[in-house]
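As a starting point, one isolated chain is supplied in structure tokens, in the form predicted on its own.
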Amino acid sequence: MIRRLIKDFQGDVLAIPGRLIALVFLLILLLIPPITREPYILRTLIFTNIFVIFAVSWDLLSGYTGQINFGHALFFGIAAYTSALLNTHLGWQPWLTIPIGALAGVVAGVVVCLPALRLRGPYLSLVTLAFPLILLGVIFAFSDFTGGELGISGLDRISNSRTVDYYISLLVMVVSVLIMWKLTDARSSLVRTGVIFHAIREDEIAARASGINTVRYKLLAFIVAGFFAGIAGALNAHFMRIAGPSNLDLFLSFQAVIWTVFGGIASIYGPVAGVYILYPVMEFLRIFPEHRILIFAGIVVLILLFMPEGVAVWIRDKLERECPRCKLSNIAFRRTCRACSTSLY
């Protein structure tokens, strides 16, 4: 049993450069607290982990399924407010309010999915923009309950240790990303949703004509995206100890788009790379407050000019080569496939 696990690990992880890099990167993340306990570094990485979940959930919905959502902050914000209200008004602890906040994201996903059943393309994108604005209107209308422009502050901490907070955010991020990756993996023999999501994105009419229940799978995509974006929003609220209108800001929705496109859309690992590169860069650029956004925009434009498919996808294409016969990934310098010996050139 152990020998087989080791063999599978060598074949599925160590033999594929992209997965090997991911493993090394994860080990580095695990070793950061013993190396440095600088609060600012740990704080930056905590929010990086949170926004990774948020960006990957957008990629699952919009990158894989083609349901372009420009109001993704709705799921993030409604979970943050739900978690905050339950914590401050009912005194419920974070370990309970965070899952309930994620379920609130699921409900929001179902609501947003309703127009998606009839609209496509730019029409759906424009409609999704309206949902965060509607929720903001509700928040301002009931400011005595929601805190209005000031938001809800004084939320309970998840823990009293920044190191514990970091490992919690890292664990939740890794588990969330692995679940979404498995769900969208078109090569998996156990989960076929990845293939169906691709089919809906490429041609929904043809997918429906071939017998796929597109309504069910679009609803599934919105539910899963809402759930994980909700987890990110609820975690963010308790780490920040506040839930406010900024959690529904349109810029937050567009940040998910920027992170995903920068790293590589429809790849899962693309948003991970995008957030881990761009979020710390934005924090570093605080030393240039007047030119921060301009420098950030310049970096994004230059990278996408030379790597239009995204940083992570560009690196993967340089390191890996897919077998034309069995579709197995091989290291780039191999001349034949490691499984079926088919020529890779």
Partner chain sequence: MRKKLIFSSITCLLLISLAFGACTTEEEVNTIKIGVIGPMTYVQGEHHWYGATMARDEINDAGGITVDGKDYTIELIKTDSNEMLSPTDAAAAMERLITVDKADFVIGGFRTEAVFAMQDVAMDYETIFLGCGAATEELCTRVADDYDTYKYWFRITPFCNVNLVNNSLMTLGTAGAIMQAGLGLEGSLKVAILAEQAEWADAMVAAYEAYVPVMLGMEVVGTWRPSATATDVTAELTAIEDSGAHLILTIISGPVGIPYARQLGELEIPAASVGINVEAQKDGFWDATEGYGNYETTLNTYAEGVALTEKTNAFFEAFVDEYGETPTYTAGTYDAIYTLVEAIERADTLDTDALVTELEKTDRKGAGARLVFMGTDTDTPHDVTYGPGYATGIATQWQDGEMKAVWPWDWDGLTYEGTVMWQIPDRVINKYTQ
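Numbering follows the first chain given and starts at 1. Since the model is a prediction, treat every value here as computed from it, not as a measurement.
Beyond the structure shown, there is the form predicted together with its partner chain, which is absent from this document and is the topic of what follows.
Trainee: Tell me, out of F145, F140, W95, F254, which residue has a non-hydrogen atom within 4.5 angstroms of its partner chain in the predicted bound form.
Mentor: Of the listed residues, the single hit is F140.
Trainee: Which one, L220, V172, I158, I242, lies within 4.5 Å of its partner chain in the predicted bound form by heavy atoms?
Mentor: Contact with its partner chain in the predicted bound form is made by I242 alone.
Trainee: Okay, which stretch from 221 to 229, 243 to 251, 97 to 105, 208 to 216 lines its partner chain in the predicted bound form, with non-hydrogen atoms inside 4.5 Å?
Mentor: Stretch 243 to 251 is the one.
Trainee: Can you check whether L150 is within 4.5 Å of its partner chain in the predicted bound form, heavy atom basis?
Mentor: Contact check for L150: yes, within 4.5 Å of its partner chain in the predicted bound form.
Trainee: Using a 4.5 angstroms cut-off on non-hydrogen atoms, would Y279 count as touching its partner chain in the predicted bound form?
Mentor: Yes - in the predicted bound form, heavy atoms of Y279 and its partner chain come within 4.5 Å of each other.
Trainee: Does any heavy atom of P289 come within 4.5 Å of a heavy atom of its partner chain in the predicted bound form?
Mentor: The answer is yes: P289 has a heavy atom within 4.5 Å of its partner chain.
Trainee: Any of the heavy atoms of D317 lying within 4.5 Å of its partner chain in the predicted bound form?
Mentor: Taking the distances in the predicted bound form, the answer for D317 is no, it never comes within 4.5 Å of its partner chain.
Trainee: Suppose contact means any heavy atom within 4.5 Å; which members of 303 to 334 contact its partner chain in the predicted bound form?
Mentor: The stretch touches the partner through I303, F306, M307.
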